[in-house]
Structures are given as structure tokens and as C-alpha cells.
Ligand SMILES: Nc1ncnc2c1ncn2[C@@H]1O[C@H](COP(=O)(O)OP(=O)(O)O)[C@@H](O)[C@H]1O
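First, one chain by itself in C-alpha cells, the form predicted on its own.
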Amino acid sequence: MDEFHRIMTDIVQLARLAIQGKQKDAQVFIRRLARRYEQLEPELSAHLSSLLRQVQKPMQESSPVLRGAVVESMPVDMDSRLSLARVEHPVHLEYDPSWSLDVRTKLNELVYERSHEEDLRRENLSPARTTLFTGPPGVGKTLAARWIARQLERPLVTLDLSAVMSSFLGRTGNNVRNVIDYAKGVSCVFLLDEFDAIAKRRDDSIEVGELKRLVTVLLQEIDGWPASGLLVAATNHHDLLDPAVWRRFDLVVEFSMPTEMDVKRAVQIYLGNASENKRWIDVLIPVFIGSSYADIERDLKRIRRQSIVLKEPLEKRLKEFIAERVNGLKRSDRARLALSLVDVGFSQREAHDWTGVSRDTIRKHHDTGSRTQWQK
């Protein structure tokens, strides 16, 4: 009798959504029913899933975003009239991103699953619908979402938190719901950047009830995300997330600070391909150890802009930049920098003047070919 009552409740709810014309909500509810009855009534579950696929395919093909037109249905804030999300389509990347092997493997996994959706559906499975990117600022989380959107040839829809967050807490909740409803109706990669700002711990005594309710709604939306799209949440502060958030995601990708090899590749990319720049690559590696990808890109592009605008040799700007940074380096990195300067043609005196490392020390390690780090 309980099961019969549950089925009747589901039918009434579905009828209510249909009568009210809430097509997107009806699709989300049908998707939940398909999962709920997957074990009890597999044939019913299969029929419901088949209906969803028939609806989603034409929706994807006719999406105004995919046609490159202006998205008139983009939700806006009631007061400011600002768009609550940013749309990028097609996505263009200036460079091919560089990540660790683990990160690259997981990102390729997301893309590869999308190209084998039919194989997964035959086994009653769907590709990953939601993923969480964690890591410090500037390590490529947002870039990864853009890369995925480019690989899938889907628009990237990014929740604009600065527009969504309203001084009226109830309106903030409505703004978030409106953007989510919009993103569900478009076959896209939906990026929730700065995810910790709206998914904080619900046991945080500082937060008021409305924000806690918003987190609850957000978790429910993540659970019901359609397989036609991909939700990507990115955070710099994973420790601030509500504990219930973690198990909601199909995949968690942890981004870390660049290794030495990553730094070298980033310097190669952002320094430019001119042959005279190549000798500076090994010189700049110890200068950028501990920096993020974003820091490396920002600093090297600034140096190149200054060189062009001031009509000065790039080498002059690089020298000044290294001189500014050298005092902040560890002793071992200063020593390595000194050897690199000598290797590319600077005198031992110049290397000493730049780094403060004694000429005797430079001579000793350069002559022996030693690259072991000095003890602090």
C-alpha cells in the first residue's frame, strides 16, 4: 500500500508540472523517477529514459546558444537588470593548457565518456554529469572548464556571482535558481565558479537561515542535473564546503601548484617563440618556482607588453624583473639562478651582482657541473 501511495503521489506531481507548463521541471522529475524505479521497475525506467532522450536531442539541436544567437532568455537580476550568467560559445583558447598527468587523465575521461554516451546508455549508465574542481587560485580550474567546453563543442555558461549575490537574501536564492533552470535547458558546460561562496557549511553559525536553505536547494539541483549537460563547480577553499557537497559529485579533480616541469612549459608558452628568448627559459625557472600558472602568464605578458610599448629589448625588461624578484628567492634558488645566468652567457661577476651568490661558489659549482642545492 505504501508503494501504491508513492506511485500515486508521483503521478499527481508529474501531472501538476505538465499542467503548469513547467517542461524543464517535468524533465528533471522524470529523470528522478527513472532512477527511482531502476531496480523496482526496470522496464518503466527504460521507457522514461528513452522519452527523455527524445526530448533532449531536438532541444540540443535547436538551442539558440548553439546557433550563436543572442540568448534572449538569459535570466537577469530584477534590480540591476544585469545578466546572471556569462555565455561563451564557441570557446577559443590561446594556448593548449598544461596540467599534471592525473588532472589531464581525469579531464580526458570526462570528454571521452561524452563520445560514448550510447554505449553507456545500453548498460543503463550515463556519462559523468557533475564534477568538482579544487585547488589554489591560478592553477587552471576555470581554464579546464573552458577546455572541456571547447572539446565538447558546447557553450560555457558561467554563473556570475557578483550579479547573483543580492542584498536581499531571498532574491539571491531566486537568482541562483533562475540561472540553474536556464542552464538545465541548454546543452552546455555550466560553471559554478567560487563555489564555496554559495555552498558553505550549513553548520556555520555565522550564516543565516536563508543561505543555509540555499545550500540545500543547490545540493538537490546537483543531484538532479541532466545528463545532457555537465555541471562544473570550482573552489579555492574546499575546507569551506558543506560536507554533504562532496558525495554529490560524480568526479572530483584536485589541481595542484605547478611542478618544475610545469613551470618550464608555462615559461615556454608565455615567453613567446622567438629564438632569442629560449636562453631565458632555464634562467626564469628558479624565479617562478612556487608561482601559479596565472602568475607566470601575468608577469611574462606584462614584461612583453612593456618591451613593445617602451621599445626596449625584451632582455632588458627580463633583467629588471629578475632583479626585483631575486631577494625573495630561497638561497638554493638564488644559487641555481646564478648558475643558469652563467650557462646562458653572463659572466660570473654579473651572476654575483644579480644574485648575491659569491663568485667562488659559482665558479666551484659551475666548473664541477654540480647542480645540487645549497644548504640553507
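Quick caveat, the model's predicted, so the values are computed rather than measured. All residue numbers are counted from 1 along the displayed sequence.
Beyond what is shown, the protein has a form predicted together with the ligand; the following relates to that form.
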{"query": "Heavy atom of each of 97, 140 and 269 within 4.5 Å of the ligand in the model of the complex", "finding": "yes"}
{"query": "Contact test in the model of the complex: residue 136 vs the ligand, heavy atoms, 4.5 Å", "finding": "yes"}
{"query": "Contact flag, residue 113 vs the ligand in the model of the complex, heavy atom cut 4.5 Å", "finding": "no"}
{"query": "Touches the ligand in the model of the complex: residue 297 (any heavy atom, 4.5 Å)", "finding": "yes"}
{"query": "Contact test in the model of the complex: residue 195 vs the ligand, heavy atoms, 4.5 Å", "finding": "no"}
{"query": "Interface segment, criterion being heavy atoms within 4.5 Å of the ligand in the model of the complex, picked from 97-105, 221-229, 114-122, 245-253", "finding": "97-105"}
